[in-house]
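Same protein, same chain, two forms; see structure 1 and structure 2 below, as structure tokens.
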Structure 1
């Protein structure tokens, strides 16, 4: 695949976005109270000053997904509807989070509900030039290039790196906005200096007393997992209609390892009964367990779990101070 780098002038970018929104449901970062990915209206509302407060995973791994319906005598499959979508301005941490969810829902498990949404999406990244806040630590997470197109901000224009055939096809379709360049993306273009986790292996620190610094502040509110772009815990329940109990829906919905009832089973047994066990499990799954099984970090270092925590539990700092 002969993929090249293109130039997209910033004043032309507005016309490009207005053009693609006629064919694609286009999501861009917009800052009002906080930065969120919202459907494009006016391209001049786009704000690259900070990462979105919430990740975009709910567009693929939905908060509530009807798996099938039952009318008392027959199972009724759900029609898998999806639209052509473009996500414009995703950060590298979130692109890698999508990569990890693709691995879980498309490679490890053939999930048709996730796949139907994901396959029609084009991922256009915006590469950070610096750490966006004091909590992000993506430099420690061995992130890879996972995008269809990536924008590199060069003040008056963007360099656009095409990584996939899907990205090249988009440029070919809207070629009047792009100009080929001989520029080669280098390590200088992709380097971001952030804080780091100074331990590659935390397995031997499981019983360290410093975990109490976070456990004692934890509210078990599950904000960390709600905002995490890679957490994929969920529950499946059958919901029936009160007026007609024969009609039912099987629904998959987000859940959290931070909730006590998540590991509750029959006979009132709970596998992670203590807040300590739940607190440690999330961090160890993100940094240790998933990597041991799949050879990649699940966490991508976005820092949302810290920025969104009501008590600002900085677990990266806690780990770094362990001796």
Structure 2
């Protein structure tokens, strides 16, 4: 936490947003049937009452993109186009999910497609004051401060903490909206009380019969991984021209461990052929396998994989009840 924090009054926030909108494609949470991050039109539409139904992941790790083309034996790179974007109102779980994706796509790998989108984005958080719904459990997930700016809601005004150069620069550039303050942000500002997960090391529970409570309700529909802010699995295929199969686009698109095809190989062999294996793999990857390799939990506790599940499989409850 910085020594200097800033104050942004709520009525001033509207002017600030209208101002940055001229320079940045500005995304804010807007509630219609559900809450989605949408390009800002009228700042009064912003709604912080719930988290966005979908994460903003698609802006960086694109749902489907051409990664290069080839024409006979010639490699044709794609032009990496990106815009300056501001995301205003990201929750702590989702900021940590971006942290995990940054780790995967920018540290572990040097993924030019992700990086080109991500580099130009400014992340402005909105700190939850309480658990947003009955499914989230971020309190258990060791989240860290990962943002350019973070807003703490103090009813009539926000306290604003800058974490990065990008965040500082933004405040400097738009300083007329911000006032310095010597308030010290403490645990009582940053604590979010949510439900908990009572064991994150589930290595000994793989064969526990309680998994059936989830497996029996699972339809292998992949809604969970589609909505997860941390899932990074994808598939790659070539789309060839109809008249000339030597000309093609190589396309990367999202995929999911919940699908049989994800682990299907030649001779029709499928490594995770059963729903049981796929269901457990998701939970184990989110809680266990990724952590064993990389020392961080992949899951950030946002609860979307439960909210978005057609049968509302509460795997956290299942784990909590395992004896």
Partner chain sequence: MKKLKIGFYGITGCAGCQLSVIFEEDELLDIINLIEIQAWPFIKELNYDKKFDYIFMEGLVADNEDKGILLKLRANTRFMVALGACAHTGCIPAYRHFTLKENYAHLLYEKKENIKDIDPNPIDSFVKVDYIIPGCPPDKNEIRSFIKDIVRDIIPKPYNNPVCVECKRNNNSCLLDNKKPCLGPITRGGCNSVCTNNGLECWGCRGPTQQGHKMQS
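Here, rigid core means the biggest group of C-alpha atoms that superpose within 1.5 Å across both forms. Numbering follows the first chain given and starts at 1. Every value quoted in this text rests on a predicted model; they were computed, and no experiment measured them.
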Shown alone, the chain in the form predicted on its own appears as structure 1
Core-aligned C-alpha movement of residue 173 between structure 1 and structure 2 reaching 2 Å
no
Is the C-alpha displacement of residue 246 equal to or greater than 2 Å between structure 1 and structure 2 once the rigid core has been superposed?
yes
